[in-house]
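We begin with a single chain expressed as structure tokens, specifically the form predicted alone.
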Amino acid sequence: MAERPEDLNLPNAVITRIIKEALPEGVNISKEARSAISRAASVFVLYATSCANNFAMKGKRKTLNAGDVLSAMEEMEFQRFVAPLKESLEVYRREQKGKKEARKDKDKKADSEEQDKSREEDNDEDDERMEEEEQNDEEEVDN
């Protein structure tokens, strides 16, 4: 755990970017307000994590999963965020699946190319052996 409360704050750059994206163009925010939002966001993350951990513990698990977080959101009375979070989770899972399949395809292609190269090398070695045998046969005929 963190030794000081400040260690629990989210990075200022992240908070500033989120705030700028949420506010209309031309609206400014004071340093004090930015600090308050940062602390509130940190408290929210800690509370959501604690609630999600309770669901994991009820399930006799040590690892929090997405279902735990969604259940925590409902328990904290943030039901209106559950549907958008589920949609985001599905998008994330599809992206991860696509990346995994792309890696698999890449690995298969690399393996296939490696096998082709190995076959070519084997064929080259076979050709060299045959040439040597032919030369040996010709030398025996000459003798």
Partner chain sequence: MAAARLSGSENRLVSLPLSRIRVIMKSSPEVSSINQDALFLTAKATELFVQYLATYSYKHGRGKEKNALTYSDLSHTAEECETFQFLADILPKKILASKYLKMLEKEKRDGEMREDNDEAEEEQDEDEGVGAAVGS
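Not measured: the values here are computed from a predicted model. Positions refer to the first chain, counted from 1. Here, rigid core means the biggest group of C-alpha atoms that superpose within 1.5 Å across both forms.
Just so it is clear, the following notes concern the form predicted in complex with the partner chain, a form of the same protein that is not shown.
Among residues of the shown chain, Thr49 is one whose heavy atoms approach the partner chain to within 4.5 Å in the predicted bound form. The partner chain is not drawn, but in the predicted bound form it has no heavy atom within 4.5 Å of Lys100. Although the partner is absent from this view, Ala110 stays clear of the partner chain in the predicted bound form, with no non-hydrogen atom inside 4.5 angstroms. Interface membership of Arg93, defined by any non-hydrogen atom within 4.5 Å of the partner chain in the predicted bound form, is confirmed. In sequence order, Lys62, Thr63, Leu64, Asn65, Ala66, Val69, Leu70, Met73, Met76, Glu77, Phe78, Arg80, Phe81 are the residues of 62-83 having a heavy atom within 4.5 Å of the partner chain in the predicted bound form; the partner itself is omitted from this view.
Once both forms are fitted on their rigid core, the CA atom of Lys62 lies 2 Å or more apart between the shown form and the other one. Arg94: CA moves 2 Å or more between the shown form and the other one after rigid-core fitting.
The rigid-core alignment places the CA of Arg34 less than 2 Å apart between the shown form and the other one.
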